[in-house]
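What follows is one chain in structure tokens, specifically the form predicted alone.
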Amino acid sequence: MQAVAGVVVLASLYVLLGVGYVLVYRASRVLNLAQGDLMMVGGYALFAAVTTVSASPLIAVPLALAVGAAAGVVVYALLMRPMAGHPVFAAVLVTVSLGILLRVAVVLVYTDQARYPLPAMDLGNPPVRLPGGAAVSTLDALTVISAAALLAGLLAFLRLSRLGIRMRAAAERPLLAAQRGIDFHALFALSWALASFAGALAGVLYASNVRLDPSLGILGLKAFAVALVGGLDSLGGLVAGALIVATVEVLTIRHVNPLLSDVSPFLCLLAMLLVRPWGLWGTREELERV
């Protein structure tokens, strides 16, 4: 049961990060390879709020999430919107450059030393006992709950709300949507804000539960592999991909070698590319674009 609990917690973290890849790709067909670094921004925003202005957790956490969402809007307005009309590959390179610059900025301000926001907030992280004798930390449980709530909220938003339906329409046929009076640039900015918000939420939870340092970007790359395994344009496939990759990673840690855990998501990706290149629930015609 402990292994199952570990799989669910890790898969939930990958879902929080992978949501950003799916939202941005569905909206603008851009692979946002800076998602892991936007996660890092959320973690450091939390740490800055706690240590610089001595904000309480009830203020610091919403502030960090707001900073994360605002960062997504700024990235789209300053970097992605000017790339309209350019090759998609050029926009992908912009996100790679953005990730590098964010890591450099963090190292210049905070060095590469690991930080721990939870003690700074004077909070504990007691274990939660589960049926079958398994146990997870309180923040692990919050990660699972947050991933489920975020995914359910996004699915309801995209399928039931007028704004969500417009976002889907703008993603599928931007020219036709613009002719019908839909401001697709505003909708694209919203997709980046939601993606960055999800990354910041993952960053806040992971930094509080484990640690905070500039190397968090590797989690973003692993979540990118998860998104590709599930299907880059499918939120439902993201869950299946996260569970598969998390299972392989946990089994690798427990039965093979923990040092190989960082490699296992990319082995899953390689296997999926050989068998079903568009992912479990992805759209087959998206393969050429990817």
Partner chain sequence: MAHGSGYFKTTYEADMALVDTRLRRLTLAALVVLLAALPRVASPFSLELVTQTALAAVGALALNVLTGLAGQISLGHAGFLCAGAFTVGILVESVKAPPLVTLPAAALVGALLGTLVGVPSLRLKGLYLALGTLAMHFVVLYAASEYQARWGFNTGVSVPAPTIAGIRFRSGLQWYYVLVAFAALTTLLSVNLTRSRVGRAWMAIRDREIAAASLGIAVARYKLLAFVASSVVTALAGAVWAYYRSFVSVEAFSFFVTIEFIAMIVIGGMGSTLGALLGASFVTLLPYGIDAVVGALAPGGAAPYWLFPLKFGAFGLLMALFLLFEPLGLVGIWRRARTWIVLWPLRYAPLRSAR
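Numbering follows the first chain given and starts at 1. What you are looking at is a predicted structure, and each value in this text was computed from that prediction instead of being measured.
Not on display, but discussed next: the form predicted together with the partner chain.
Chemist: Quick check on this chain: which one of 40, 228, 46, 245 has a heavy atom within 4.5 Å of the partner chain in the model of the complex?
Modeler: Of 40, 228, 46, 245, the residue with a heavy atom within 4.5 Å of the partner chain in the model of the complex is 228.
Chemist: Pick from 83, 135, 154, 73: which has a non-hydrogen atom within 4.5 Å of the partner chain in the model of the complex?
Modeler: Selected residue: 83.
Chemist: Quick check for you: of 126 to 134, 197 to 205, 141 to 149, 93 to 101, which stretch puts a non-hydrogen atom within 4.5 Å of the partner chain in the model of the complex?
Modeler: It is 93 to 101 that comes within 4.5 Å of the partner.
Chemist: Are all three residues 79, 269 and 275 in contact with the partner chain in the model of the complex, where contact means a non-hydrogen atom within 4.5 Å?
Modeler: Yes: each residue has a heavy atom within 4.5 Å of the partner.
Chemist: Do residue 107 and the partner chain share at least one heavy atom pair within 4.5 Å in the model of the complex?
Modeler: Residue 107: contacts the partner chain in the model of the complex.
Chemist: Taking the partner chain as it sits in the model of the complex, is residue 55 near enough to touch it, meaning that at least one heavy atom pair lies within 4.5 angstroms?
Modeler: Contact with the partner chain, no.
Chemist: So, in the model of the complex, is residue 223 in contact with the partner chain at a 4.5 angstroms heavy atom limit?
Modeler: Residue 223: no contact with the partner chain in the model of the complex.
Chemist: Is there any non-hydrogen atom of residue 238 lying within 4.5 Å of the partner chain in the model of the complex?
Modeler: No, no contact at 4.5 Å.
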